[in-house]
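Here we start with a single chain on its own, the form predicted on its own, put down as structure tokens.
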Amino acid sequence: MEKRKIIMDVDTGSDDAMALVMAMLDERFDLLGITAVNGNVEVKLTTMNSLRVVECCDKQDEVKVYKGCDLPIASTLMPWGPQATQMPGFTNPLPHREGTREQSIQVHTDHLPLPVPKIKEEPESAVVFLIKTLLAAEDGEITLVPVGPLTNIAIAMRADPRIIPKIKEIMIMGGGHDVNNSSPAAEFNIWVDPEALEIVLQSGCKITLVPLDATHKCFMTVEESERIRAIGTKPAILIADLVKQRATGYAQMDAEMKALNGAPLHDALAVCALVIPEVLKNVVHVNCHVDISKGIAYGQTIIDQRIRVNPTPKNCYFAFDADKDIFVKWMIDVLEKDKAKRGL
């Protein structure tokens, strides 16, 4: 079986951790490396959390972690940008930041519930790793899977555009059309660094956006996670613990998820879509750009749905829906196969 070569670009909090587990354990992937970026928590913590997940999956001899950008490209240059705590009409959604309305909501914590890792990140930066690895590849050989802000990838593209033809596809967890979270208009990963996604959208690469519209359809309940917990391996127990943590957090801010006793897992859906494309439903080839005008819609992913004689050029695939049953079954199947491989 020819494995799909991927690089995971993450801001490792709870949902990124689950995506990393699945990328490392699904044998259809050849995970070339993990690049960490600022996002759910600061980059030194996303890097440390990524190392924790690598050790949890016993992949420390195979998978390396690279620390990336600690600030977005431009938004921090504005006094009211996503990294600031005050902007009229907005509340910083980061649960770990003090002084925010949501500080008690523990969807993400600074440290994953895993031991301090023994392994260290690699000495070269994530951007250097991306450029070197892609330049050494054949055209269309490597798939990028960014499930956090796209700062690392955008800066790599601007630093050396020769990497662009080497990219097979970019599978992005981010954006939203009818569903958003960090502002009335924007999803978190894009809101943190809107300019980065706009750079990537203009690259000409094949891009699929897995937005909140799709990920909220692939929630997991605490009851479903207990089946995963019963598998009994360290990665399975981690996922079950994180589902419970996320459900507790979502219960404080989302009435629907509170009633369901569950939470969306977001990032893992992007990983699933690479090996089971049919998990994404109502996938439409669209023209999409990001609002970078620094106003109330900053970070919004805007789709041109006008019917025109000369339509705007299509630059990405946008998933409006997803199949929860396929998604949950995939997670269980991969984790059970991993258990069997371990001889447990």
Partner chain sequence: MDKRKVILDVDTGSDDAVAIISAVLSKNIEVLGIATVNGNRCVEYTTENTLRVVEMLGVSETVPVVRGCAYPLVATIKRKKPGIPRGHYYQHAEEYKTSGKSIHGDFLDMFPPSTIKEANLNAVSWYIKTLMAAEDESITLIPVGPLTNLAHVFQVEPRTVKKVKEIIYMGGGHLLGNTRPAAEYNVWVDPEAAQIVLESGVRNFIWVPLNATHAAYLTKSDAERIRSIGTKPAEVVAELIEQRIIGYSNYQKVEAPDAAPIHDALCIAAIHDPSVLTDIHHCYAEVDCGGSSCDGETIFDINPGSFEYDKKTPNSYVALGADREKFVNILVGILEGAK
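Being a predicted model, the structure only gives us computed values, none of them experimental. Residue numbers count along the first chain shown, from 1.
Not on display, but discussed next: the form predicted together with the partner chain.
Participant: May I ask whether Q60, P113 and A236 all come within 4.5 angstroms of the partner chain in the predicted complex, judged by heavy atoms?
Facilitator: No, the whole trio is out of contact, none within 4.5 Å by any heavy atom.
Participant: With the cut-off set at 4.5 Å between non-hydrogen atoms, does A319 touch the partner chain in the predicted complex?
Facilitator: Contact with the partner chain, no.
Participant: Check whether Q252 has any heavy atom within 4.5 Å of a heavy atom of the partner chain in the predicted complex, and answer yes or no.
Facilitator: Looking in the predicted complex, residue contacts with the partner chain do not include Q252, since no heavy atom lies within 4.5 Å.
Participant: Considering non-hydrogen atoms and a 4.5 Å limit, does the partner chain approach P72 in the predicted complex?
Facilitator: Yes, P72 sits close enough to the partner chain in the predicted complex that at least one of its heavy atoms falls within 4.5 Å.
Participant: Should K281 be counted as a contact of the partner chain in the predicted complex, where contact means heavy atoms within 4.5 Å?
Facilitator: Close contact is absent here: in the predicted complex, K281 is far from the partner chain, nothing within 4.5 Å, heavy atoms only.
Participant: Please identify the residue among R28, K44, H289, K314 with any heavy atom within 4.5 Å of the partner chain in the predicted complex.
Facilitator: The residue from R28, K44, H289, K314 that makes the contact is H289.
Participant: Answer with one of V222, A159, A185, A137: the residue that has a non-hydrogen atom within 4.5 Å of the partner chain in the predicted complex.
Facilitator: The option sitting close enough to the partner is A159.
Participant: Only one of 194-202, 140-148, 260-268, 226-234 gets a heavy atom within 4.5 Å of the partner chain in the predicted complex; which is it?
Facilitator: In the other structure, the partner sits against 194-202.
Participant: Going by heavy atoms, what in 116-135 lies within 4.5 angstroms of the partner chain in the predicted complex?
Facilitator: Residues within 4.5 Å: P123, S125, V127, V128, I131.
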